[in-house]
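Single chain ahead, written as structure tokens, the form predicted on its own.
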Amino acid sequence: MQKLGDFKLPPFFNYPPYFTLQPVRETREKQIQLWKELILDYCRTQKIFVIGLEEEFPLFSNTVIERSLTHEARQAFLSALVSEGRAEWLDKVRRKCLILWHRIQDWADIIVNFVKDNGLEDSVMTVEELRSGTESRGTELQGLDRTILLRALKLLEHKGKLAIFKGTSADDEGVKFSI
């Protein structure tokens, strides 16, 4: 089985037709489904949050079989993730895509569980501490993309589970939990 670093690639990754958008609808749907799962799984295990369409991305080419995805195929696979709410375009020209291997609501639930597990129900933390503090080491929150984290925090704020305090800089934005 071929690997990309410590990531095991699925068997279809070595099948050349999967690097070409398939013309038959049923085949293309299966192809898109396999690619969506692969992209989400790879991004989750490698903690990748943004994919650029024009940038080198390890999954978009396979040197073993000398195949690469076309721009159209990359866009089709990422657009399919966007339509499912598993990704969002970060720009109007659709060159950069924010990957949501967990939906924002799921990230919000992870934050709530993190707060409860660490006894932080009535405490104050900075946004940066949530991403890189001692408590978050080894959790899914460690290294979480700031955009995703802030969206999840705003969702929790909307639900009355926390308050976000603006600091003098982005580094000292605070969060007071009331879970």
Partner chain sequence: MRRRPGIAGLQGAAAARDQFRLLGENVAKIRTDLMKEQLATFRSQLEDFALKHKNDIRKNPAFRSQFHEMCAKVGVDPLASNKGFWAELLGIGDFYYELGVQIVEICLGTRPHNGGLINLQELCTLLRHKRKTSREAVSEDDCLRAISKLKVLGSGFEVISVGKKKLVRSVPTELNKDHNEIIELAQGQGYVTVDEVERRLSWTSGRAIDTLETLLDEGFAMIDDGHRDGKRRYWFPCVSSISSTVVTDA
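Computed from a predicted structure; not experimentally measured. Numbering follows the first chain given and starts at 1.
Separately, the form predicted together with its partner chain exists; it is not shown, and the next lines address it.
Contact between residue 56 and its partner chain in the predicted complex is not found at the 4.5 Å heavy atom cutoff. Its partner chain in the predicted complex is approached by residue 30, whose closest heavy atom lies within 4.5 angstroms of it.
Using a 4.5 angstroms threshold between heavy atoms, residue 34 counts as touching its partner chain in the predicted complex.
Interface residue remark: residue 155 is not counted as part of the site for its partner chain in the predicted complex, having no heavy atom within 4.5 Å. Shown here without its partner, the chain carries 14, 18 and 24, all of which come within 4.5 Å of its partner chain in the predicted complex through at least one heavy atom. With the partner omitted here, the stretch from 110 to 118, 143 to 151, 61 to 69, 39 to 47 that lies within 4.5 Å of its partner chain by heavy atoms in the predicted complex is 61 to 69.
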